[in-house]
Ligand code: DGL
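As structure tokens, one chain now follows by itself in the form predicted alone.
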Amino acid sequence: MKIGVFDSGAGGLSVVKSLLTDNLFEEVIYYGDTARVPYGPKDKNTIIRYSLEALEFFNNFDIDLLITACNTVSAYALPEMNAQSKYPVLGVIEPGVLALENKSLKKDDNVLIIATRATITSKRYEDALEKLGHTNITSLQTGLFVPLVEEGIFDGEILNATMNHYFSDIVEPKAIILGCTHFPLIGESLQRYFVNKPILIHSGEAIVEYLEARYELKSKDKEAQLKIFASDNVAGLRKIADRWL
């Protein structure tokens, strides 16, 4: 099988890393809309328009499946993308919620959702968790983490100051949903920040679990081929891929 992965920028490479580690596909086509990143602060109609334009890009490839690694796209544009697509388009929100359920948390355990403004505003994670009976949910817009990750700042003074800015007044969580594909790259720092090292729900790991269960996929013997494309500065995106992957 050949899979496409779409993200607003470089963050979706964290999902690609999980796909490559489990080697479920023969070929992975990655497209980052680096000319217009980030999507998080943009309005719903703009997010949908950009996402449908990305779908047109993937129509140039004979893919079997498309993952929208961007949580913002997953929150707002999946119905429109599936309506116009010849192949299934999957988001990362439902797999993330299911992955949390597999951690056997108590329904009153504190769950922290961190994401960009658009994803938090959509309440997609929050609504899904409440339907499953979770009663102690905190949602935070943590968009400042995105440029830090893009700059390669995964730990240190600046990141610690940013975590203090966001987390100093919250109750320590039992689990954190990383509602942006950039955030797994600062996962170790996030765990160190909290005394009890919360469980992290990583979009890449969650989507792999979801794909294995839904499509009964198994690891291939041959290493997957990765092709990377971008709407701007593809050389820069490939450099990030070399570093992150």
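Quantities reported herein were computed from a predicted structural model and do not represent experimental measurements. Numbering starts at 1 and runs along the sequence shown.
If you look for the form predicted in complex with ligand DGL, you will not find it shown, but the lines that follow are about it.
Residue among L112, L129, V146, V89 with a heavy atom within 4.5 Å of ligand DGL in the predicted complex: So the residue touching ligand DGL in the predicted complex, by this definition, is V146.
Sole residue of V208, V37, V28, I201 within 4.5 Å of ligand DGL in the predicted complex, by heavy atom: By the 4.5 Å heavy-atom cutoff, the listed residue in contact is V37.
In the predicted complex, segment of 55 to 63, 39 to 47, 191 to 199, 213 to 221 with a heavy atom within 4.5 Å of ligand DGL: After filtering at 4.5 Å, what remains is 39 to 47.
Proximity of I177 to ligand DGL in the predicted complex, heavy atoms at 4.5 Å: No, I177 sits far enough from ligand DGL in the predicted complex that none of its heavy atoms falls within 4.5 Å.
T142: touches ligand DGL in the predicted complex, heavy atom cutoff 4.5 angstroms: Although ligand DGL is absent here, T142 would stay clear of it in the predicted complex, with no heavy atoms inside 4.5 Å.
Interface residues of 1 to 16 toward ligand DGL, as seen in the predicted complex [heavy atoms, 4.5 Å]: If the 4.5 Å heavy-atom criterion is applied to ligand DGL in the predicted complex, 1 to 16 yields D7, S8.
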